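Have a look below at one chain only, the form predicted on its own, in structure tokens format.
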Amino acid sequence: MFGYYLDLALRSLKRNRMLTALMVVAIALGIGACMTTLTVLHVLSGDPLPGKSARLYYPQIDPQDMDGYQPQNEPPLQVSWTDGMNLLHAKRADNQALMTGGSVPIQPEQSSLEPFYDDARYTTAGFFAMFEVPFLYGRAWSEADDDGSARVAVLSRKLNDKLFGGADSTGRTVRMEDVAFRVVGVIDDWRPNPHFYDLFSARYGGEESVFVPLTTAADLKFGRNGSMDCWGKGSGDNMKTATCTWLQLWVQLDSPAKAAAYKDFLIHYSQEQKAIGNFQRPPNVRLRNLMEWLDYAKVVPSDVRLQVWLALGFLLVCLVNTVGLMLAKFLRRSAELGVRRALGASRRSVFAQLLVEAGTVGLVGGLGGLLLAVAGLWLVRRQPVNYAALAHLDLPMLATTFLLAVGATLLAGLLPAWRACQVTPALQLKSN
């Protein structure tokens, strides 16, 4: 029966080509605008570590002095060196990593390559296992390397290709800041978006080329980037003793009970630090999981959400126009539908036939909308924003395009189809 209805729909659409074209264009424009903005929202608000994000947490504590204190204020978004190391060495989590970002000068061994700066991540050994970083060659460094400020490094695949032609470089030497580092591993392509583990250096598109132990970078005074909040004495010359928050701490807690226990630990730690005079404020802690942290940090730009709402409004306008066009088209066929009813077709059959016709319009309109969405995303990728390169249509959004187009058109066709089914067959036969 569906095949019969589809044949009737195609015949009807061919008879009124101008009206059909107007409906298809209206749907295509609405779907194209909507899917362009929805795709951008989809790629920006996605889970960077599916299956594990609920077990990764971002702790916050408040070590500041009483200047400007308000009980309802959020604690600082980062931790100081002293607090970060204290929490790290307490080992109350299943895994943990303390880190910051920076930029280092690299002096290649090859005379054909000029020295250059590249982005770096100064972190601790737990980083790689906790964030499931894939290795192409070698391995991560050990906790002993962290404690001993070892001159070891992990390279990205891109940097390894540039320096060593893609060969296994473990055991070889890379010079940074005129210091020799032994390569212990090379990671495979890994570029989570958003750049969740450090939103202070880059929110999207961040990609470090070299990873070194945090203690090593601090001892060698490697250059860092990102934000820093200071109070009291401020930063001074030694970042290890500075009254500043500038490091990101992540912990892995594999059950809700462990998360609750870790939050209690943060409260007790704050109380202990206040008792010995290191903290002045009452305990003020937060422990958000990865997705909660991204939501709190408002990683998705507000203008992207606004564009989605505007596009949905535009789609609604297009659907209203489509309702009017369908209503005119279906009512113009009252005589044909009256004959079908007089020959025994039920209202339900006629209603189904008209909805199949509406769905066909939606399918063709969805194809047009897909082409417009691809063009729209191409324009987005030309914009000077840090997330532009991510604007690509994936398979879930491709399926969503056609589901939205057909579903919206079927919804728009309900009223015209229902009105057309109310026509009395006898009146149409008598008028003819």
Partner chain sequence: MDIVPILSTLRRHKTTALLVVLEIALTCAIVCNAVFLISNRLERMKMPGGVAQHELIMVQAASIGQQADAKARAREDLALLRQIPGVTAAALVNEVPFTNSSWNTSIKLDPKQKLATLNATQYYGENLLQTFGTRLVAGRYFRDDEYMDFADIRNNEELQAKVGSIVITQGLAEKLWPGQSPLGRSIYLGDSSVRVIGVVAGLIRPSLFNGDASAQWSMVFPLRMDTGNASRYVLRSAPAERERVLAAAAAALRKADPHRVILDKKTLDELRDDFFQGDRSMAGLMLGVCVALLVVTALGIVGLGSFWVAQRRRTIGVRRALGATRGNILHYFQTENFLLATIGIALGMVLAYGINLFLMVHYELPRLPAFYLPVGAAVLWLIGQAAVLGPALRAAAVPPVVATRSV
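Residue numbers count along the first chain shown, from 1. If you're wondering where the values come from, they're calculated on a predicted model, not measured in any experiment.
One more form of this protein, predicted together with the partner chain, exists but is not displayed; see below.
Tell me which of 156-164, 309-317, 141-149, 258-266 has residues with heavy atoms within 4.5 angstroms of the partner chain in the predicted complex? Single hit among the candidates: 309-317.
Answer with one of 290, 184, 323, 285: the residue that has a non-hydrogen atom within 4.5 Å of the partner chain in the predicted complex. Here the answer is residue option 323.
To verify the annotation, which of these, 105, 134, 205, 171, has a non-hydrogen atom within 4.5 Å of the partner chain in the predicted complex? Comparing distances to the partner chain in the predicted complex, the residue within 4.5 Å is 105.
So in the predicted complex, is the partner chain close enough to residue 296 to count as touching (4.5 Å, heavy atoms)? No, no contact at 4.5 Å.
Touches the partner chain in the predicted complex: residue 45 (any heavy atom, 4.5 Å): Although the partner chain is absent here, residue 45 would stay clear of it in the predicted complex, with no heavy atoms inside 4.5 Å.
Contact of residue 220 with the partner chain in the predicted complex (heavy atom, 4.5 Å): Answer yes; at least one heavy atom of residue 220 falls within 4.5 Å of the partner chain in the predicted complex.
Is the gap between residue 332 and the partner chain in the predicted complex 4.5 Å or less for some heavy atom pair? Output for residue 332 is yes: heavy atoms within 4.5 Å of the partner chain.
Contact set, 60-75 vs the partner chain in the predicted complex - heavy atom within 4.5 angstroms: Sequence-ordered list: 66, 67, 68, 69, 70.
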